[in-house]
Structure formats: structure tokens, C-alpha cells
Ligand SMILES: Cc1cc2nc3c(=O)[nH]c(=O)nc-3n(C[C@H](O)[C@H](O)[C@H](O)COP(=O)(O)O)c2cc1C
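Here's a solo chain for you in C-alpha cells, the form predicted on its own.
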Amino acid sequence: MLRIGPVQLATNLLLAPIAGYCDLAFRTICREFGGVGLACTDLLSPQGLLRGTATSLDLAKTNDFDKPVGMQLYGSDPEIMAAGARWAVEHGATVVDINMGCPVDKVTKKDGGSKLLTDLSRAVSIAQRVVNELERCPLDCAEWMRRIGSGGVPPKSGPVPLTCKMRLCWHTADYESGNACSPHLARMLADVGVAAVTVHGRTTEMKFSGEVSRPGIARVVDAIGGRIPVIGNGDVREPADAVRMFRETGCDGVMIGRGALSTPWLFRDCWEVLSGNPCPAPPTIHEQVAMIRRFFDLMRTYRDDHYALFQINRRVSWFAKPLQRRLDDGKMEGIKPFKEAVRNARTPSAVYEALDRFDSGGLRGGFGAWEAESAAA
């Protein structure tokens, strides 16, 4: 069991703040399968939250089922980050996180994300300022009970804890020479009251290429010496990967990101295996189609039809990966027709029709076969 400051989580598995994907609908799907100890929002701009821009408010949207929830902020100005943290507390956050690991240019060029790994004094000053702000707005026991949800253990009272998510360092050469900044930064963050750190086992230069370095995460675990929890992140795509992350790093929790985009039930499977139980059977094709339908329904409910169509068009390739099955002759059955039907859908009814046809055995095989089937219809 993982404890972050005063927050006792029901499991030590966390859904990462995946940019562009970790909306309320997807978090809900993952939670409904089970095994999620904490789910994080997409990374949030504190300026956008404070101005009340539609995009930022949508990314931060939560509800009573979506508990406990972490809200991740990115930026480089301590005062703005502190104001954003207060906003997060006032709008339901169970945990506030500072992004010190995003490698994309639009974040690092504004001195946020993993650019903070090149200026540790700024990174620590931001964390210190946010911790101070969080201490000024503690929650009482009743509010903690609402924010923890049914699976966790609420504290009696106290401030929302701050966590930080980082990478090993900026330059790969620094990591390879043993000069990664992450162990030192983690100790400094613990000194100013940060309750836990998450370490993605890649450098900024690697972005999402290559293999995650579990020894790099282990260095941070060793440097912290048990003062605060360290959460390992990167390349967890099946339960065996989570087991390896715990065994080879000594971390206290595992954060799963892209590995869950195709298999939202991954948290359930990992938790069962980590608990000493057999891995559950994967959802049937019928159950997976129902899951895609559920996601689309939630997107329509939480936003609107236009946005739901945009999201299902771009995400169907992720959701469709586990739908492939091996035929009696050993070949994999093609599902391109199904993906194309959803990608080309321009109305909700067209999406539902594609799901129904696939569920009943249609939209399989090569693209040419789908064209012929469509023409016949």
C-alpha cells in the first residue's frame, strides 16, 4: 500500500498524466476495471486554470467517482504555480503534482517540464512555494473523506500533499557518466516538504525512445533512503513489467502511462499479480467493444458530440490493438476495416453502427474486403 503524505491509497498503482489522453472519460474507464490507486489529470496550465479557459477547465474536470485524483501543473513561475495549486485544491484535487519531466518543446521552451532539471534551484523554489501555499489551505476530515473515495483511507485533517514527476536528467551523457541530477533533486525536494517523487526512467534527450532505465530509478530510491516514496515510471505494458519495476528499483509505487492506452484493464491485472493471484483473463471482444462504447458515451456526456467524435477518431487505433485475434491457420485477423470505419465516422450513429457491426463479426479482414462489404450494404 502506498502512502503519499496523509493520503493512504488503496493500491500502489497510478495512472500517469498522459498529455492529450488522460481525460475524465479515460480515467473513468480505467477506474471501472479496478486496480487504480490514484489517477492523474492531463498536465494543466496554471494560467489557463486561473483565467478559466475552456481547455484547461475541461482537462481538470473531475467528479465524485474520479477519486482520489492528482492534478498536475506545469510552469516555471513560483507565484503562478502556487496560485494554480490553490485552484486545484479548491476544485477537488487529492494530490497536486509539479511536472518536471515533460520533454516536449512547447513546455520546455517556456522553462517548464523537464527544463527544470537544468535549474535545480528554480525547481526547488517552485516546490517550496507550492508547499507553503498548500499548507495555507488544509482540508478537514469530512472533505478528505469525499476526496479519497471509497477505496482509500482518509486522514483526519491537513493540507493536500505535493508530489513532483521528473526524468533522470536532461542529457543522456550525464546519466551515462553517473552525473544524473535526479537523485540530488529528489533529496532537495524532500527537504522542502514534497511528499513523493515519480521518476520516469529516461532522459529528456531520449524523449520516449529507447528502453527505460530501471537502474536510474534505483539510484533515486537509494538517494532518498526511504524518506519519501519513490514511484517508478516507464515501459510498464503488462504485469511482469510492474513486477520488474518493483524488484529492480525498490520503488514504492508504479505509474503507468502509455501502456494503459490500449489496455485500460492493465491496472487490474497488475494489482492481481502483485497481490499473488493469477492474472485475470483479458476482456472478451464483446466486453472490449462495450468498453469503447462506454468511453464514447462518456465523452459525449462530459463534452459534446463534436469533441467525442474527434477523440474516438484518433484513439480507435489504441483501443483496437487488443481486438486482433489469431485464426485457426495461425494468421492474425485484420481489423483495419473497423478502424477505418470509426476514423471516418462523422456522426455518433456512424460510430455506434461500426461498433455493432464489429461486435457481430463484421468489419474484419483486409481493407479491400471492407470496401466490398460497404458497397454491398
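The structure displayed is predicted, hence computed values, not measured ones. In this text, residue numbers run from 1 along the sequence as written.
Only in words, not in the display: the form predicted in complex with this ligand, which the text now covers.
- In the predicted bound form, this ligand sits beyond 4.5 Å of every heavy atom of His171.
- Heavy atoms of Leu43 reach within 4.5 Å of this ligand in the predicted bound form, making it an interface residue.
- Under a 4.5 angstroms non-hydrogen atom cutoff, this ligand in the predicted bound form lacks Glu133 among its neighbouring residues.
- At least one heavy atom of Asp235 is located within 4.5 Å of this ligand in the predicted bound form.
- Across the options 125-133, 273-281, 249-257, 78-86, residues that bring heavy atoms within 4.5 Å of this ligand in the predicted bound form belong to 249-257.
- The candidate site formed by Asn99, His200 and Phe208 is fully in contact with this ligand in the predicted bound form, as each residue has a non-hydrogen atom within 4.5 angstroms of it.
- For the options Ile18, Ala10, Ala25, Leu355, the residue carrying a heavy atom within 4.5 angstroms of this ligand in the predicted bound form is Ile18.
- A heavy atom within 4.5 Å of this ligand in the predicted bound form is found for exactly one of Thr94, Ser182, Ser114, Gln72: Gln72.
- Along 159-194, one residue reaches a heavy atom to within 4.5 Å of this ligand in the predicted bound form: Lys165.
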